[in-house]
Ligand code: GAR
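The chain below stands alone and is given as structure tokens, in the form predicted alone.
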Amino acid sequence: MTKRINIGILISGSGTNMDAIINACEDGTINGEVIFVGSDNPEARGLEKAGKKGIPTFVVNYSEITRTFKNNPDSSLLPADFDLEDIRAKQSFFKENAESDKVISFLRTRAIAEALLIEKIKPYPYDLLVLAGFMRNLTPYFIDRVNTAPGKPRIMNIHPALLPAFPGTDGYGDTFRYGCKVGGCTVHFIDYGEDSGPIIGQRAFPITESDSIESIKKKGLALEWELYPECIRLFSEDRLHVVKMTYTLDSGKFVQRTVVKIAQVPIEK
């Protein structure tokens, strides 16, 4: 038998992927249990749904924290272990102007919110943290305090596009506006960039001339609700292994990429 895992979920809205994950745990598709649901948005409708299931919920109000720090940029509000230089060097959201006041303010504000988020999740012995429509980028400050075992990432995200195309907040919209003939969704582990972590799984659907943004979102969501529980199930079976692979091009140049290998047979616990 595989190990039963504890799953934490972060949401910002209605939590439809959260619903799919909870249902998959309840029907045995995933050998696991959702032990908390958190949000950056006190109005997130998914919080009420989780509460009705008896799942503990909490809120870390990012918008309120941002307003407070903007009005009072007091460094004493920062967590004691905050290291601006380390976080700025690791993050890859801002490849240019990483030393600008705007970037520094963002990283400081985000660390304040993430420190509170860490405190909120600390009582729960979770194995996997799942982002299910959580509309906040996580910085190295948070990631390094969750991914404590080298080579064992445990923050998973779903994105509404076939990465690496169309990262960001409106994957289906970007796919539609670009005129793509195929759309899809991607589940990946989180890294220090925006939707740039190693890919676990993808699903695709055709886009026809009669499709609208609304219709491709509907197609995409139906696939998301299948793909996300499947990837979490693979994690629960210890079948996901992140490895670095090196290739030699015809020119003699070496290229390295990070991939998620999926073991064919679940490892017995």
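Numbers for residues come from their place in the sequence shown, where the first is 1. Since we're looking at a predicted model, the values are computed, not measured.
This protein has a second form, the form predicted together with this ligand, left out of what is shown; the following refers to that one.
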Item checked: in the predicted complex, the residue from 153, 140, 197, 133 that sits within 4.5 Å of this ligand by heavy atoms -> 133
Checklist line | Contacting member of 79, 173, 164, 168, with respect to this ligand in the predicted complex [4.5 Å, heavy atom] | finding: 168
Note to self: Can you work out whether residue 14 and this ligand are in contact in the predicted complex, taking contact to mean some heavy atom pair no more than 4.5 Å apart?
What the structure shows: yes
Notebook entry, point to check: Might residue 40 be said to contact this ligand in the predicted complex, defining contact as any heavy atom within 4.5 Å?
Noted result: no
Checklist line | Contact test in the predicted complex: residue 158 vs this ligand, heavy atoms, 4.5 Å | finding: yes
Item checked: residue 224, heavy atom within 4.5 angstroms of this ligand in the predicted complex -> yes
Item checked: Segment assignment from 125-133, 79-87, 99-107, 112-120: heavy atom within 4.5 Å of this ligand in the predicted complex -> 125-133
